[in-house]
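In structure tokens, one chain follows: the form predicted alone.
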Amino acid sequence: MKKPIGSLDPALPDVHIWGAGVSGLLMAHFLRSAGWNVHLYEKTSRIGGKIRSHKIEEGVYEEGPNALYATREVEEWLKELSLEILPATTKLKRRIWRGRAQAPLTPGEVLALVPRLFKRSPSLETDKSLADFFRPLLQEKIETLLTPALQGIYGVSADQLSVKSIWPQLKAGSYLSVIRQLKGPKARSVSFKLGMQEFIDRLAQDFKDQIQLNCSEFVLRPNTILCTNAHEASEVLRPTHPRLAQLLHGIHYQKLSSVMSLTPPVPEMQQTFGFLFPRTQGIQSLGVLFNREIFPGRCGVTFIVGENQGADSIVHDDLNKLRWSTSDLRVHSWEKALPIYNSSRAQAIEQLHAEKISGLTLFGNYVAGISLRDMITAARNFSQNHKRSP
């Protein structure tokens, strides 16, 4: 169920959104276009949440998300916003570090997988971790292939993620049929000349006078949309909606840090998107992005670390193990960086949808999917279902 939880009362013209991160800005943008009077409240001094771009002498780098994986439909919408798209460099190699940079699978490993594609996947009647679900197909590659790939997206290992939480509509069958179900629409990574901050600023442009910053306390009003993380939403709802608050508090989060280093280029970075690091290789970081290779005008490399204490020391040690030089580390950390898409989250979201909430809506990456593309789609569909008459 990749959609917001709850609904709005159409008899009231105003909507009150708590949280001016990307989910709040998306919801405000689409609802304003659907005829609502939008009021946006943010507890900090800036909008955009984890999305923030920095321009330094060497180029642009991102604190958080560095790109939007956009379908043709999303790209058309970005053009309607008068945003000039900066596409990622094409045909970049993706590598896994196993003592050296390697392709995710060798030709021999691919051939070994082919007969297993016709095996039937485990039943989905009981919740399965991704590790258990894909083990008959990938066998020993769970830790050296699946977990590195997933921790680059979700921040945790395959055994911490739930099939039902990530793909609630997935149907069991042969692994070949499963892969076909998971194949999404054609999309590509895009950003903007000055970074993802351009996207944030454009979303807010049409209703910037309706944004209140530094709001220390939010008053729950009719037609409220909570666009915070689940735990902050839980605190807001605890006095008036204890059942919802309890469910929201049961959603777990992963802490993460992004660490940008102005490490000079080395040959193994050329024409390469980045490296994923299996946990068996002694590298503590989850992965590294080669910013300079991905987008023109970007600088340095960015390590993703599953900690928010000592992230600079972790990256320093990893740079030594990789035999790359260390230069000017810039650390950005979040205690609740990403919701963990485990069975607890799946159960909480299912129960929250069953509550049939009216005049109150919950929205964010713990609800509608972890990607920006998913959130764009969910916010747009919600606004179309709640369009006000002129």
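Because the structure is a prediction, the values reported are computed rather than measured. One-based numbering along the sequence shown.
There is another form of the same protein, the form predicted together with a small molecule; it is not shown, and what comes next is about it.
Any non-hydrogen atom of residue 20 within 4.5 angstroms of the small molecule in the predicted bound form: Within the cut-off, so yes.
Could you tell me if residue 334 has a non-hydrogen atom within 4.5 Å of the small molecule in the predicted bound form? Residue 334 belongs to the contact set for the small molecule.
How about residue 145: is it within 4.5 Å of the small molecule in the predicted bound form, going by heavy atoms? No, residue 145 stays farther than 4.5 Å from the small molecule in the predicted bound form.
Any of the heavy atoms of residue 12 lying within 4.5 Å of the small molecule in the predicted bound form? No, residue 12 stays farther than 4.5 Å from the small molecule in the predicted bound form.
Listed range touching the small molecule, judged in the predicted bound form by heavy atoms within 4.5 Å, from 353-361, 323-331, 48-56, 28-36: Stretch 48-56 is the one.
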